[in-house]
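The chain that follows stands alone, in the form predicted alone, written as structure tokens.
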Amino acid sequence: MQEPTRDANVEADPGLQLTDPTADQIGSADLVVGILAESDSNAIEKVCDALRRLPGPLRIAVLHDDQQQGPATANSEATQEHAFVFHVPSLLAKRDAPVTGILSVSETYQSVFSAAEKLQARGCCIIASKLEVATTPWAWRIAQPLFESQADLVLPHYARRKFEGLLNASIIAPMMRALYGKRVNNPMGPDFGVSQRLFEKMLAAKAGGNQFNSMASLTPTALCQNLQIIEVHFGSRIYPATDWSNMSSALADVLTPVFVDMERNAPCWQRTRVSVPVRVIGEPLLLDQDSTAVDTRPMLESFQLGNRELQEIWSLVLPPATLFELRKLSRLSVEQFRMPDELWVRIVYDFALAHRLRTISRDHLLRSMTPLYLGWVASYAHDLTVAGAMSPERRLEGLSLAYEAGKSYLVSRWRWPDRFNP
């Protein structure tokens, strides 16, 4: 992390005024809160006011990006019950470009962990969702289990509409549930609460040269270390609009660290047989499901084009039985098209194996998965529009069960990739 600059102001108790703060001047903090979302001083003040609801007194350092609109000021009166809140933008590593992409975001998470370690914090929180939609209680909801329940990792459970966060819902969350045996809904956050024990493990692993992604590896690390995980109902958040015509980069960007962790943690997840729920705090928020439908015709055209032009690549990844099923699906009409969950699960597992074996360039491999993913999305959309269709939650629960049922297939192919080829 870069050396802190001396251009920020710090406010805490009216009787304690510091200027040009550095970590050495602050000394220590009980909690470090990194605000990665775009925000102004008013939004940060609201976060600070929410944090004062934590049982105290606690010393809290609030970090925000140097590129945002200057240091915030806390205007709440301090009492013995209030936390002392310091605003320290200089402890986050400066960047010449906006934070985009999972790799860049991961580096920023690492900056928060490093600041928390330097300040000897008992925990840290990362708020990456836009603050205008992150309701005021979010900040203390993330932090509260760290101090009151001794949680090591606090994960969000967002309320979402049927076509929001589908890359997580169709691959990441159900696969991690099947692999590691815990039913976590948003293993990659992006909002997290992290204990000192866990962020120190992340920093040590990174320092040891491991290919850790601080965003993607948090949950697998906590699961394999058998640390305490708690989910918190956070209500809704704004998801970025999905460009269904340009999913290749997203798949490669997001799935690369997930599959890398899968390879590294194979001794851990191969011992897991069943899944169990994690403790959940709060009440779920029920959203009105939007009536907007996605246009599945271009998705299926992409799927059919992939079947014609990617057979050479897919034949290096997928067994003959799967390729046969895909060719049959490519001949169906839009109205008839359905991709069975069992088929989709085997496809995901086979791509994870090919990523491990470096069958072809990893980036090329994951980009070639795009037509298959769009085929699953089209099938999911059709399932939700038929008469008497089940809710998105029940539909995705069925998918999660298919991932668990298909784990024996994954384990067999993982252990004997040359011998087990159905």
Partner chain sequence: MWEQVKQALVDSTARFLTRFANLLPGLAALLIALLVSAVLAWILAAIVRRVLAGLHFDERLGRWGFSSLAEWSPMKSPTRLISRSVAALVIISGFLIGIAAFDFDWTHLFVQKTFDYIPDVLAALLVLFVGNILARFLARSVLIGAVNLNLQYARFLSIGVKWIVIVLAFAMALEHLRIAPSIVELAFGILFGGIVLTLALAIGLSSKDLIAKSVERDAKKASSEPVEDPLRHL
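Remember, predicted model here, so these are calculated numbers, not experimental data. Numbering follows the first chain given and starts at 1.
Although not depicted, the form predicted together with its partner chain is the subject of the following passage.
Novice: Given a 4.5 Å cut-off on heavy atoms, tell me which of 304-312, 269-277, 197-205, 327-335 is the interface stretch with its partner chain in the model of the complex.
Specialist: One stretch meets the cut-off, namely 304-312.
Novice: I'd like to check something about residue 359: if you look in the model of the complex, is any of its heavy atoms closer than or equal to 4.5 Å to a heavy atom of its partner chain?
Specialist: It does: once its partner chain is placed as it appears in the model of the complex, residue 359 has a heavy atom within 4.5 Å of it.
Novice: Do residue 164 and its partner chain share at least one heavy atom pair within 4.5 Å in the model of the complex?
Specialist: Yes, residue 164 is a contact residue.
Novice: Is residue 294 near its partner chain? Define near as a heavy atom within 4.5 Å, in the model of the complex.
Specialist: Looking in the model of the complex, residue contacts with its partner chain include residue 294, since a heavy atom lies within 4.5 Å.
Novice: In the model of the complex, does residue 371 have a heavy atom within 4.5 Å of its partner chain?
Specialist: Answer yes; at least one heavy atom of residue 371 falls within 4.5 Å of its partner chain in the model of the complex.
Novice: Looking at 242, 114, 322, 108, which has any heavy atom no more than 4.5 Å from its partner chain in the model of the complex?
Specialist: Only one option qualifies, and that one is 242.
Novice: Exactly one residue in 395, 59, 46, 367 has a non-hydrogen atom within 4.5 Å of its partner chain in the model of the complex; which is it?
Specialist: Partner contact (heavy atom, 4.5 Å) among the options: 367.
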